[in-house]
Structures are given as structure tokens and as C-alpha cells.
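One chain is shown next in C-alpha cells, namely the form predicted on its own.
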């Protein structure tokens, strides 16, 4: 069993064609700009939509006080007068999840699409992911959207099964990566090298975070690294200033620790000068 916190049908930016994107809970990284804070913990959580909230405090009184603040519970669902509290993290067995995916297989296959496993970090529970891919193999195209932060043996297992990867490269400097993402990037870079040597199709994606990942130094290092691995195409993901609004779901405030107001450097000319095509998504 593993937990899913969202399933998006008819996604168009998570791989080839029209896709179903499955968001699995649990991530070993802690990126300060994380767009899916409800996907960080592998555990079931209860989240509260801020839209229409009366600020009455009923859900919090029904919750549990912890050192980090109030944690909503199943009792909070019934306590909310506006029905704004919901369970986040639904248990699925590999068979249950793949049966749900296969209901859309005919539509997905018509346009060259498929299913994309995202998160969180889908490699967080490698056994579950591999079992799902095995059940889908040959029936629907399977992509994995990953940070690449996983033990090499786990990455290799998924690499042997998946049809396509969307692979993030965030920060090249190990100490900066640890500062902003909670761990150094040695595993990520080693797994990228393995992916680049394989015959599995993939795309490199770079989140453009102002003053953090979009610096000339970092983008130059990324361009050099992908070129060293015979890659000449990347996709850049501009920072979403609305990302912080999702933190209200988990009763937290968003403090990214960088200047959100600064215009993002897309690095298109820089990449082009180094022989890498960069497409903004």
C-alpha cells in the first residue's frame, strides 16, 4: 500500500500527449520553494481549504496540539461548519491504483499519452512504484517525474521499467543544494549520469527560483553538466508566485527565504551560447 494525495486527469505538461498524473505522498527532500507541501509527508494528513474559512477555530480545537502547531485530525472534518477539511493521502494497493488508471487507458493511448507518477517523490516508495509499472507495462505509456534523489539501486530498478522520465536538476553546488533542498546532490547527479547513458527517453527540467537556481553561475553549471552527458535540450519551469498559498492547506506559513519579487532569469541566451536549447514551460 502507498498513499496518493492527488490524481490529475487530462494533464498536458507532465510528459508526451494527454496524461493522467498520480501524485504519491512522501519526499526525502525539503525544498524551500516546494509547490506541494501536502505531499512531503508519507503519512495521511488532514488539510483545510482557506477559501470560505470562517476562522472559527472549530477544526483546530478538534485537532491535536504539537510542538510544530496544530495538527488536524479526522474529528476536524466533522467539526468544520463549511466542510473545508478533508483527508489528504488515500491508501491504494498497486492493483487498486492501476485498475483506476486503466479505466482511462483507451483515451490516453489515443493521443500518445499515458500515466505520469509524480509527488512528492515517486521513488520514495520504490517497491510500490515498480509494482505499479509492472502491472501497466505494455498497456499504457508510463512516465516518472523525479528529483532523482534515491539510492542508485532503487533508481536502476525503476529505470529498467519506466518508458520515460522527467528529471529535475535544481542546484549544482552541493552545499547550496543542501541549504535549499535539505540534502546534497551526489545521488541526483550520479543517477542522472546513469539515465543519460541509458536508452530510456527523458527530459531535463530546471525550476527557475529567483536568486537560488536562476543565477548565472548555477545555470552555467547545469548547462555544462548536461552537455557532458550528451544532452542538448532542457525545459525551464518559471517560479509560480502563487505556490505559497498552498501552505495554508497544512496550516503553515510560507517563508521561502529568497526574493520572490525579483524577475526570474530564464537563461535562454546562456543555454544557447553553450549549445543547449532551453524551452520555457
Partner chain sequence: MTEKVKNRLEFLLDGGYRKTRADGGVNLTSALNEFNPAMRSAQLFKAALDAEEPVLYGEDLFGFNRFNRLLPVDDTLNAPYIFEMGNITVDYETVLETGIEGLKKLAQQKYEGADEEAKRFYDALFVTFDACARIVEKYRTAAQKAGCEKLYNALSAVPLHGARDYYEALVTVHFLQYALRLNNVNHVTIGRFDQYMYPYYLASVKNGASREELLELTELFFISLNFDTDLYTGMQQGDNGQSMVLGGCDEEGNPSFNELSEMCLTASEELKIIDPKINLRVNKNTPLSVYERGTRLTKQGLGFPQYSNDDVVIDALVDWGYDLKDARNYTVAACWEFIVPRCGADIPNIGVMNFPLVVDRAVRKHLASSANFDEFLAYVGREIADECDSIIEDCNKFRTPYSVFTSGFILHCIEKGRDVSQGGAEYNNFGVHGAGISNAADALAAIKKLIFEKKELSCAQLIAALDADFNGYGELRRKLLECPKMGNNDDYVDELGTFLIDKFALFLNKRPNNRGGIYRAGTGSAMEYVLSAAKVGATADGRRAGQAYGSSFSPSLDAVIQGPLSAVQSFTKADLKKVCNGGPFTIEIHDTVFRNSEGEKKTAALIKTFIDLGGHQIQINAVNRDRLIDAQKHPEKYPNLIVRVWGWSGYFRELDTCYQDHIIRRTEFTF
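Positions refer to the first chain, counted from 1. Note that the coordinates shown come from a computational prediction; the quantities given were computed from them, not determined experimentally.
FYI, the form predicted in complex with the partner chain isn't displayed, but the following is about it.
Novice: Among 59-67, 218-226, 24-32, 246-254, mark the stretch whose residues have heavy atoms within 4.5 Å of the partner chain in the model of the complex.
Specialist: Careful reading of the contacts points to 246-254.
Novice: Within 4.5 Å of the partner chain in the model of the complex, do 41, 150 and 197 each have at least one heavy atom?
Specialist: No, because 41, 150 and 197 lack any heavy atom that approaches the partner chain to within 4.5 Å in the model of the complex.
Novice: Is residue 94 close enough to the partner chain in the model of the complex to count, meaning some heavy atom within 4.5 Å?
Specialist: Residue 94 lies outside the contact set for the partner chain.
Novice: With a 4.5 Å heavy atom cut-off, would you call residue 232 a contact of the partner chain in the model of the complex?
Specialist: Close contact is absent here: in the model of the complex, residue 232 is far from the partner chain, nothing within 4.5 Å, heavy atoms only.
Novice: Residue 169: heavy atom within 4.5 Å of the partner chain in the model of the complex?
Specialist: Contact with the partner chain, no.
Novice: So in the model of the complex, does any heavy atom of residue 186 sit within 4.5 Å of the partner chain?
Specialist: Answer no; every heavy atom of residue 186 is more than 4.5 Å from the partner chain in the model of the complex.
Novice: Just one of 108, 158, 203, 80 has a heavy atom within 4.5 angstroms of the partner chain in the model of the complex, so which one?
Specialist: The residue from 108, 158, 203, 80 that makes the contact is 108.
Novice: Heavy atom within 4.5 Å of the partner chain in the model of the complex: which of 71, 100, 178, 193 fits that? Just give me the one.
Specialist: When the partner chain is considered in the model of the complex, the option within 4.5 Å is 100.
Novice: Can you tell me which bits of 204-220 touch the partner chain in the model of the complex, meaning any heavy atom within 4.5 Å?
Specialist: Read in sequence order, the residues that approach the partner chain (within 4.5 Å, in the model of the complex) are 207, 209.
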